[in-house]
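Let's start with one chain on its own, the form predicted alone, as structure tokens.
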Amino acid sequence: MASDAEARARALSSALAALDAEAGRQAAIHMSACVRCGLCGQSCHIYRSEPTPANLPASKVEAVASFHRRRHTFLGRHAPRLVGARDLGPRELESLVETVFGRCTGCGRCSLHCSIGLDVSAIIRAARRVLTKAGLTPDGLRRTVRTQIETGNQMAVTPEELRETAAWISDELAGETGHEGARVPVDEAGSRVLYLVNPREIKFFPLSLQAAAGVFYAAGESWTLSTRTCDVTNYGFYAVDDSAAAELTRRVLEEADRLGASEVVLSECGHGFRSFRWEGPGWLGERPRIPFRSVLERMDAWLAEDRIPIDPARNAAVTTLHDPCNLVRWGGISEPQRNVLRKICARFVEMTPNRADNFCCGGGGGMLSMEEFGERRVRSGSIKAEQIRATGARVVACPCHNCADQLLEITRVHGLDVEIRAVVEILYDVIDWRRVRGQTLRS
């Protein structure tokens, strides 16, 4: 068995090789561009909640760039002290783990306000890739990636568990809506849509899955879940484990082909949407054969086409909207959810700021799976809590399960009397089932 010294030596060797590989990537350009103006500080929810130098985005950039500078610039190699270049060793690797996994969610908001447009997130992801190659991904995140690869989903939901859950949700849905045809289909070949969910919906939030099933039925959509791959999340994205991320993406495409689906619809998940819609082609080296769309886009289209009869008066509560970073700032999906909420809410109010300028909830970047950074994660959520409080809303529409988990915690910690709900749940509640016709499959 290898000694600890041998293991550390191998980790360092892998890290250095990965760092050298980053020299040919986009992040290397940005590493050399920061002008240290400090404007990024007020853009960062982590720095604003804990204004220490280590939390300043520019400091995080410098922590990574100094190692790159040491190996890949002339002055870094020959006069390292002059330019602040540093050697990467075992101690520096350990410190880097906290810098890029524990002090940054990769939300990208700082780049919007950077005086030179520096892509801080690209630098953070480059450093995460280096650490993952060295086997230094935080344990909780690494275990989640492994579980996804080994079982097909992040919570190890078995095919039997999925079928059983779908069966009792179907019974509940039919009883609640008065429509016997309303159900949760599983492994149904020939369905137009393969629907991916966060496994939390199966384990802990079945009402979200029931709501989605009801909305699909009311819209007359042909759809199915799959027992082979039901997971919309991709923790390989968070760890910047590109091979794992690619494998999870590939499996979904293969399952869509097997079932004959012509579209993959993604439940409300920020990083899941970004992964499948935008990052997937890069991981696979090719454009996916079928489209990936958010259920938000589908709901917007169905309402625009009058496919779902609704009664907005059933939702009288003041409702606001949280903008998940990966869905909105990185994914470009900001208006479909607003179009839906304006139609189904009697009183809809915006947070300030909103859309691409909105603050991260604090739970992004895989933070929820890394217990060692939990205190900072919750503290950073104070910025989002104040945004919510200022709206006076009683309901927060949150189109991302990852964000919802964080919001549930910070509303409790920060004393907010609000309800956190998925957009599909709010739509489900205002469907006028008396006017819903029997299911008609549409191509």
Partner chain sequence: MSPDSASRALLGAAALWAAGALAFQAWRFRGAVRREIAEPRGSALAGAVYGFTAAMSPARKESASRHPLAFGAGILLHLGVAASLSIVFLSAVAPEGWPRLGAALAGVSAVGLAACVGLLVRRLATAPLREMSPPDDYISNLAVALLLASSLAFRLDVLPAAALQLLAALVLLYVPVGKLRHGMFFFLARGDLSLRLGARGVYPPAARKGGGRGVRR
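This one's a predicted model, so the numbers in the text were calculated from it and none came from an experiment. Residue numbers count along the first chain shown, from 1.
Another form, the form predicted in complex with its partner chain, is not on view; read the next lines as being about it.
A heavy atom within 4.5 Å of its partner chain in the model of the complex is found for exactly one of Gly175, Gly84, Gly220, Gly260: Gly84. Screening Val157, Leu88, Ile310, Cys114 for any heavy atom within 4.5 Å of its partner chain in the model of the complex leaves a single hit, Cys114. Not one of Asp171, Glu372 and Ile420 places a heavy atom within 4.5 Å of its partner chain in the model of the complex. Remark: Gly415 does not count among the residues lining its partner chain in the model of the complex, judged by a heavy atom distance of 4.5 Å or less.
Using a 4.5 Å cutoff between non-hydrogen atoms, Arg48 counts as a contact of its partner chain in the model of the complex. Contact check for Arg287: a non-hydrogen atom falls within 4.5 Å of its partner chain in the model of the complex. Contact check for Trp330: a heavy atom falls within 4.5 Å of its partner chain in the model of the complex. Here the chain stands alone, but in the model of the complex its contact with its partner chain, taken as any heavy atom within 4.5 Å, falls in 334-342 among 334-342, 136-144, 93-101, 238-246.
Residues Ile29, His30, Ser32, Ala33, Cys34, Val35, Arg36, Cys37, Gly38, Leu39, Gln42, Ser43 of 29-43 are found to place at least one heavy atom within 4.5 Å of its partner chain in the model of the complex.
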